[in-house]
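The chain below stands alone and is given in structure tokens; this is the form predicted alone.
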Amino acid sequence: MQTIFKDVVVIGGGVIGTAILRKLSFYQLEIALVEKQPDLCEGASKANSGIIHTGFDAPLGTIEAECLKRSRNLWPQLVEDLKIPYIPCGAVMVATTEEEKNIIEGKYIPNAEANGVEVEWVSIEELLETNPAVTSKAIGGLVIPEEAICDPFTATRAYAELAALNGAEVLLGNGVVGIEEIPEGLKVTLENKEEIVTKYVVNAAGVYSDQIARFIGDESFLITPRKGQFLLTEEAVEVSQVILPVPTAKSKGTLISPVVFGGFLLGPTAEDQEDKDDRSTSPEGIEQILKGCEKLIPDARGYDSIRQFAGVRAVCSLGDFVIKPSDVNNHMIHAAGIRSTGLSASPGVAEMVGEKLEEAGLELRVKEEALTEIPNLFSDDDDETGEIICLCRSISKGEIINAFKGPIPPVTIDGVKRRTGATLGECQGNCCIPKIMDLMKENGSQQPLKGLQNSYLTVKGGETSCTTN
């Protein structure tokens, strides 16, 4: 099996790993991203609220707070450069009792001010004027005007696509099974027995980041999986902002948030578990969501849900983000323990990881010809591409074909769904999946890649190949 040589290998194809890959693609480096799943964004990055948090409530002096602070300044340009669906709707933390109001005034307002985030207390009358569905029993709320929502998958995919167009290699469906210390740095062994010799490894493996650290004997942190269940409704909810509860010590609580493509998310739960792969939903979890949300919006229990899903967040034993070289070997840089604010903090995390790599000895020379924004690669110049494939979402044949022509094309129906919105409507794909499968076959997709033993997708410089051994 051929040995590959790289300057940096990023492990993990979620929003953190892809943000780091994009950042590194601006430098004269040979870089690669390795992801064991058949597509990007298959972990916590695809199953979250899609909220861009300001960090108003981030614990002072933490790495998390610093990454969120940096990210606030980076998001406006990112949204423009990467064409990320984004709505600056703001958020409001609702106080339903005097005790909760005291917590807001005593904790969250001073914390926000210390973190440099603008907040404002509003009366119940002002709150209901912009969010009529909120309970009239509330006594007011804390408005955070700079909070926003976006599409997490578009952000994750766009990070990686720009990196691929800048020459990064993306290896999908090909997990890491071993890491060995060698004089040149580290040798990474993949599931297909391929070996990558690299100067540095960035450990951005989410709930598996502690296992990646163990490959080099680093036991400095432990990741506990915490499940968060959500439900999605497409009924009209009379709120214009993200509706937040006053958090508990364990969780930010169940919230109600608009979705950039329409509808509203309710959730999540916060269920500690041992299984890092358990993303099942349960009647008990849904009941917990409804019980929490109806405290804020009395009609929440009456909304019809078109979908329920769950994600697993990475809760770190150290209580903060872990962004630093390993104490065992500084050729591994950890970007681990990143829990509920991973999407929001991703630009800042990427910036900090670049600094840690440079401090560890990696030379970062700017690549003058690097792209900084996603170009418009497609045009619908064929009359047949206007055919509507997904009736619920009005997704055309051309939109789906364009997904297959992208720098990192889908290899599963879920991949098509996340790139185009097809199958997300009321029928949940019952009408359009057969047509999508036909288009996948016509356009050379290897669907379903997941489940095909020894099948791997490689993207380099925007060119894609699939290997089945």
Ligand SMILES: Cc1cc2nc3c(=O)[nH]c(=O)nc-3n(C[C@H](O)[C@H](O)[C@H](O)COP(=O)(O)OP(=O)(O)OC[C@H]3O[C@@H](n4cnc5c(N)ncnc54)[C@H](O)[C@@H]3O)c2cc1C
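Computed from a prediction, not measured in an experiment: that's the story for all the values here. Each residue number is its position in the shown sequence, starting from 1.
Omitted here: the form predicted together with the ligand. The next part is about that form.
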{"query": "Exercise: Phe230 in contact with the ligand in the model of the complex, heavy atom 4.5 Å", "finding": "yes"}
{"query": "Contact of Pro409 with the ligand in the model of the complex (heavy atom, 4.5 Å)", "finding": "no"}
{"query": "Contact flag, Lys36 vs the ligand in the model of the complex, heavy atom cut 4.5 Å", "finding": "yes"}
{"query": "Contact label in the model of the complex: Glu42 to the ligand, heavy atom within 4.5 Å", "finding": "yes"}
{"query": "In the model of the complex, segment of 287 to 295, 322 to 330, 83 to 91, 338 to 346 with a heavy atom within 4.5 Å of the ligand", "finding": "338 to 346"}
{"query": "In the model of the complex, the residue from Val176, Val134, Val237, Ala95 that sits within 4.5 Å of the ligand by heavy atoms", "finding": "Val176"}
{"query": "Listed residue (Ala47, Ile63, Met440, Ile31) with a non-hydrogen atom within 4.5 angstroms of the ligand in the model of the complex", "finding": "Ala47"}
{"query": "Residues Ile51, Pro268 and Gly311 all lining the ligand in the model of the complex, heavy atom within 4.5 Å", "finding": "yes"}
{"query": "Contact set, 200 to 215 vs the ligand in the model of the complex - heavy atom within 4.5 angstroms", "finding": "Ala204, Ala205, Gly206, Tyr208, Ile212"}
